[in-house]
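Taking the form predicted on its own, here's one chain by itself in structure tokens.
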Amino acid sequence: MTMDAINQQATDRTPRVLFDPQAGRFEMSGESYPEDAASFFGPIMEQLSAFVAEDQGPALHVALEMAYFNSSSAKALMNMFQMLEDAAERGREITVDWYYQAGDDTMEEFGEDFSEDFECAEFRLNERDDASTSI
């Protein structure tokens, strides 16, 4: 199955999203408070779900560096993490890197909270010192 890549630039309300199925890499960064979270996250979740549907498929590396997200985006992230954890439980190699800026206690705590739901996938918290660095 050939999958299309996703390359969405950030807007005032949505994060940058890159998904390269050939490389097994998904990235999301920026602020997320779309007016319609379902229409923003729906196609992304469909692509990721199709990618991890096969139990013995290639590894997936997920890198997230969120500056802000609203409650509907948090729910979408939780749904995405559950899907990734389910895939890891079935045997897929899934690694999630959660990046946050030094001193951003809110994003650090969100990362800690999200990490508690992972048992099979690897979830790593990564503090950054340089605001100009991005994933």
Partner chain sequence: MPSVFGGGMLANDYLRFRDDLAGKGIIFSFTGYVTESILTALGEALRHKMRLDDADPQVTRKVFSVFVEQVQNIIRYSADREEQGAAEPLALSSGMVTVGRDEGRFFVVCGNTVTPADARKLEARLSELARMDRDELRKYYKTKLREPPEEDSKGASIGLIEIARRASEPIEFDFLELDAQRVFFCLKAYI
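Residue numbers count along the first chain shown, from 1. Quantities reported herein were computed from a predicted structural model and do not represent experimental measurements.
Beyond the structure shown, there is the form predicted in complex with the partner chain, which is absent from this document and is the topic of what follows.
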Checklist entry - Judged by heavy atoms and a 4.5 Å cut-off, are Lys75, Gly103 and Phe110 together in contact with the partner chain in the model of the complex? => result yes
Item to check | Contact flag, Pro34 vs the partner chain in the model of the complex, heavy atom cut 4.5 Å | outcome: yes
Next on the checklist: With a cut-off of 4.5 Å between heavy atoms, is Glu119 one of the residues that contacts the partner chain in the model of the complex?
Outcome noted: no
Next on the checklist: At 4.5 Å between heavy atoms, is Asn70 in contact with the partner chain in the model of the complex?
Outcome noted: yes
Checklist entry - Do Arg124 and the partner chain share at least one heavy atom pair within 4.5 Å in the model of the complex? => result no
Next on the checklist: So if I measure heavy atom distances to the partner chain in the model of the complex, which of the stretches 76-84, 90-98, 39-47, 53-61 falls within 4.5 Å?
Outcome noted: 76-84
